[in-house]
Every structure is written in structure tokens, then in C-alpha cells.
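Just the one chain here, laid out as C-alpha cells, in the form predicted on its own.
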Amino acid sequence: MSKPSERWNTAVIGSGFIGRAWAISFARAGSPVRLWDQAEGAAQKALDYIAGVLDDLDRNDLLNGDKPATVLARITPAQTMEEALALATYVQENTPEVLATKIKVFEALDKASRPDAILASSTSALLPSRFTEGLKGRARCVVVHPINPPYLIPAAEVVPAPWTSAETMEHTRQFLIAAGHAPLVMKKELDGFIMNRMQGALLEEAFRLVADGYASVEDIDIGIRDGLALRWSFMGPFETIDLNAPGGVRDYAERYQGIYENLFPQMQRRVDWVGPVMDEIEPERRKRTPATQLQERQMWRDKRLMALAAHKKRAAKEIGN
């Protein structure tokens, strides 16, 4: 992984799960990070949390050869937003998914940050045009939406508003790559971006299959966990079908399009996720993971992701990307 140049001083605004995860990612890549949260003491609590995560990352050789103390030293809690923004050339905002909040925060960021700073939002649902339109510096505003946690999952969506400059998009892409990420650079904004639309299509079908009595919750999870996800963990759907027919992607489409064409009309019906089907899904999930164990299971998930990231790193060196 290449190190960001010295020009990438970063500020992380909001120190919840996503904010602290971005701080780890940027600091691990060599960037100085100023971490600020409006809640008193929140940034320091985030730093304490980060300290524990860095030890696990170190055990999996996921700190680019640095020691936890070295990475931690790159992250500094800021007392004010202005202090956090003073040197930042890249700002990652992580406030609640409330439009009025985003508008207010981006107005403040636009006024207080350096004029050459990129202002990126982690929003997973709000289009950037909805909270940046009235800003003087709107051309430097962009959405950079991570898949949680971003220090373990490198993909990040880069979504422009209609007025986001090409320079902002390219500099954001360069920074993310330098920080060890895999940017998905969208050509224009769209509800759900890329990842939520792809994930949503799969979830819609999963809910239908359970609601209509074709499969259990665990059967669906097995199909992804022990089936499709094994390929998807190192290649995407287009490469998958390109390799699944003798003549490549066109050959696959010509052979199998008819199957999916037949399925498509059957998929044009929604099941209410919180309707009767949830009375089947939730008890099955709680039987496997009691509510009191959810946090413990989340920690298990992150450790499994660390192990997978370590494996992919080794495999890329030994086998190639």
C-alpha cells in the first residue's frame, strides 16, 4: 500500500462507529488525523476504542509494518471543529443521517475549512445535491460512502453532486487509493448509490423466499456464506460470469439470459420487511444469536474480517490480484 503524500492532512468529523473506523484507516496509511465530535469526551472515548482495535490489526499484520503506538500517535482529538479543520486537506464527515443536520454541518465545514480541502460525507442514503447546493464551495463536496468497517473493507463509493468538480473526484480517488481503499467512482448521483442498490436487490429476494415459504433464514445465509460469497470475496459478478462460460461474458449472457428473463417477472413484488415475515425471521436469528450476544457477535465478525483481509493480502502477493 502506498502512503499518502504529506499534503493529505485529514479531519474526521463525528467519532461514532464510522468516524473512528475512518480514523484508523487514514492513520494506518500514514495521514495525520484530527478527530472531532460535538459531544464532550466522545473523541477521547473513540481514541480509547481505536487503541484496542489496533492491537488486533497488528496481530493480523494489517498495520503496514507500523506498530499500534505509531498509528495511534497520528490521531489527535481536537477541542473544536475549527482546530480539526485548520490543516486538513481532506475532511470526512460522519454525522447522523438527517438532512437538516447535514445541511448545517456542511455549511459550517465550508466556512471553516481550508479553501483547497475536499469535503466528503459518509452518508449512506442522502444524495450530495440535497445538502451542498447552497454552498460557496460546493464544487469540492462529495459523498464517500464506506462499507462498515472501512479499515477492514476497502471499497468506498465516491458520489458526485451535479456541481462536484472533476478535480475533486480525481483527487478523492487518488487519496482513497493511497489510503488503501478501492474507490467506486460514480459518474452521477443516484438513490442508493451502487452498493445499497446491489445489496437491496439481494435482500428483496431473500425476504421473498422466506415470506413465501421456500427457504429458512439459515438456508438463505448458507447460500451466500458458503456459496456465492466465496467467489464474491475476490471477484465481482461480471468477472464471475466472464469465467463461468467457455467464451466469456457474452457467451454466458447468450446461454443463460433466458433463465433470468423468466425469473424477473416473479421478482416484481415487494414483501414488507417489518410485516408478518419478520415474525419468522427475528425468532430464527435470536435463536442463533441472542440479543444479549449481538455485540459479542459483532466483535467476532470484525475478527473474521481481519483474518479474511490478512488472507487476501497474502493471496494477492502469492497468486496475484
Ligand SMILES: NC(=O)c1ccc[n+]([C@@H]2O[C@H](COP(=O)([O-])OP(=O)(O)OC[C@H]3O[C@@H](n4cnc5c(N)ncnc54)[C@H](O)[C@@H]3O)[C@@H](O)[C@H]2O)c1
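Since the model is a prediction, treat every value here as computed from it, not as a measurement. Residue positions are given as counts along the sequence shown, with the first one as 1.
Beyond what is shown, the protein has a form predicted in complex with the named molecule; the following relates to that form.
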(request) Using a 4.5 Å heavy atom cut-off, indicate which stretch of 183-191, 231-239, 101-109, 213-221 touches the named molecule in the predicted bound form. (result) 101-109
(request) Using the partner position in the predicted bound form, report whether Q38 sits within 4.5 Å of the named molecule, counting heavy atoms only. (result) yes
(request) Mark G247 yes when one of its heavy atoms lies within 4.5 Å of a heavy atom of the named molecule in the predicted bound form, and no otherwise. (result) no
(message) Contact with the named molecule in the predicted bound form for S15, defined as at least one heavy atom pair within 4.5 Å: yes or no?
(response) yes
(message) Check N94 for me: does it contact the named molecule in the predicted bound form (non-hydrogen atoms, 4.5 angstroms)?
(response) yes
(message) Quick check on this chain: which one of S122, T168, S113, T132 has a heavy atom within 4.5 Å of the named molecule in the predicted bound form?
(response) S122
(message) Just to be sure I understand the contacts: of Q199, T80, Q174, N148, which is the one whose heavy atoms reach within 4.5 angstroms of the named molecule in the predicted bound form?
(response) N148
